[in-house]
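Structure 1 and structure 2 below are the same protein chain in two forms, each given by itself as structure tokens.
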Structure 1
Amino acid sequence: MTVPPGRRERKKAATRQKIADTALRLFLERGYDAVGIRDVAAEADVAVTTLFSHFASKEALVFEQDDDFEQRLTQAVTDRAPDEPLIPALRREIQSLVRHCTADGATPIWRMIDESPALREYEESMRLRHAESLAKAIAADPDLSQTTTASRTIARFVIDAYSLAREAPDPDAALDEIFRMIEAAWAVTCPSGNFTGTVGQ
């Protein structure tokens, strides 16, 4: 990731990428359910066990950038300007992520996800993981003196915003509406009557 990290790691990354690319291609060509793990492994020219040493499950092949997502969220909290309030920072990040998901190129993938119960379920549990990471980041911020419950609650609400906006007919408008609600929820948790911007519009 940083510099040439040795041939071994480059080869490993290449293998991983080849598997992910092959899988996504086959899934989109023939449908997620119609493609077996053995098909993916054969087409990527690796053994099934190798595939599973790179990806924990069939579903994980589709959500390859899971970790990026998680990092971006926590960094939106930890790397924000020293005086920037929490919620608008999160809002910017969520908006960017939603736009990324609803971009034209991504629609076939999300259509596939929406059609597969297994993929939907996997995504849901991914979101919960992300919410927990986010909660940890919020709780760790010394500028915000929140209870554990408040941190976890806001984290869930923010992830909900992502999930709801992604599915909404007008994602931007939905995000507006939901974040107005989140602002209000956040405001009542601040011991000192902190303002965080526009609450009631």
Structure 2
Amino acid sequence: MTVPPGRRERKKAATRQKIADTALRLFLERGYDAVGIRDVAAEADVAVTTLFSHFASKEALVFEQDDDFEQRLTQAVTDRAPDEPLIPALRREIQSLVRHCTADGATPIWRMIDESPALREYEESMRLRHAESLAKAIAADPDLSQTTTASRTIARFVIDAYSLAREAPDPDAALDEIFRMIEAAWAVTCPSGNFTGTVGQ
């Protein structure tokens, strides 16, 4: 049974969310480069040290769900049912993330990211980190029996699927197309008995 967070944890989470929401509002109103860390802290009514206890950098303020997304990806591997194939589980999670990031109101945020070299660089490093975490989860699963190289390759494909689908005119159709290729690649590397089911099932 999941233990509900205590008062201290709830207060900490609320402060973090307040800082992130304030930062995003200021960035969109004034422009990312025109807003400094002190501006965000002052507007959120917190100390600069408090802001940095929640976010390691200015760029991290824009990607405030970074850790949550990474955890969700690894849990798609570790928490799937014993008889559930890997690739459909990953596709389901990627589809959920894509829908979140293409929801109404997301366009101005991605426009801001695309226009900022610092944010583009941060997003790229974030994607690589997510891919490495996902690869470790795949490699650690004894039922999958994959080499490090195969695990890293499939993980990179999955993370790239998110980026490509997010930018596509029809994200769901793009995911269908991409994951058919990912599943074909997985079938080539998967030992006999570890490959069951298809993405479309």
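Between two forms, the rigid core is defined as the largest C-alpha subset superposing within 1.5 Å. Computed from a prediction, not measured in an experiment: that's the story for all the values here. Start at 1 and count along the sequence of structure 1; that gives the residue numbers used here.
As for origin, structure 2 is the form predicted alone and structure 1 is not. The chain behaves as two rigid parts between structure 1 and structure 2, and the smaller of them turns through 14 degrees against the larger. Aligning the rigid core leaves the CA of K12 displaced by 5.0 Å between structure 1 and structure 2.
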